Ligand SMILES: C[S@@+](CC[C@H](N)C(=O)[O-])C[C@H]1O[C@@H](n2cnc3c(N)ncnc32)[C@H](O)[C@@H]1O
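Take a look at this one chain, the form predicted alone, written out in structure tokens.
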């Protein structure tokens, strides 16, 4: 969806733009082509290895590049450190790269038998294998049910607890076999898919990062600038919808609440959603990159700069 994303961001030559999830630099390379030699492109990614790939890919562009490893949730202090006050647009592609599956060696997928690390930043936080072997059944159930939306989360949690009594669960193949025993087979979906998704989201606090990051990005975009997000599942979409309701002045509280508790400001909406064409990948794009089939683009325009 590169071409659709570039159009949605409304980039002009000389702008300052942030790719908050730089990955391998696919979107960034096209953005730099529009920015030209007078523009500034800020690259941010939690994974230092991925950021290095993006930097190498963009090493020949004329655009001024500023890069830093870390979460886009901390975009404000990062920009301040680089003497940048406002930017024209920000891109957040919430999908994870094929490189994480094929080359990272961190156990992001059951397609290879690797150590269950699952962290985007292997130098920060707790690896998945450590959490899997220490969490009690109640916590395992909560995570697999909430973040994986797995209907058989109780059975998966029970099977993890049973198997780890025999020996610690350390590798992707072991976890995949456990999930295959406990979860139902679904058409075209491996029974371990939802369990792996749940643990990856939890270990990396992906939804927490999105909540904090979406607000932080809106704070640094100039009036009339845009935030473009690519979401891939309903959990991300729900978070985006909630933050949008808050920042657009639409109350997100339950109907039976006597007073607004969500922080929405009805009088001074900060953002609005922009309707654009090409919000989903084309059939050709899906055939070239099947993992993009669930991508949905949402575009928000800043109405008022936060002081």
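Positions refer to the first chain, counted from 1. Small disclaimer: the values here were computed from a predicted structure and weren't measured.
The discussion below concerns the form predicted together with this ligand, not included here.
The partner is not drawn, yet in the predicted complex one stretch among 22 to 30, 253 to 261, 269 to 277, 239 to 247 has residues with heavy atoms inside 4.5 Å of this ligand: 22 to 30. Put simply, of 155, 226, 100, 194 only one has a heavy atom within 4.5 Å of this ligand in the predicted complex, and it is 100. Taking the partner from the other structure, this ligand in the predicted complex has no heavy atom within 4.5 Å of any heavy atom of residue 202.
This ligand in the predicted complex comes within 4.5 Å of no heavy atom belonging to residue 174. By the criterion of a heavy atom within 4.5 Å, residue 78 is excluded from the residues contacting this ligand in the predicted complex.
This ligand is not shown here, and in the predicted complex it never comes within 4.5 Å of any heavy atom of residue 147. Candidate site formed by 114, 116 and 168: none of these residues places a non-hydrogen atom within 4.5 angstroms of this ligand in the predicted complex. Of the residues in 48 to 75, those that come within 4.5 Å of this ligand in the predicted complex through at least one heavy atom are, in sequence order, 50, 70, 71, 72.
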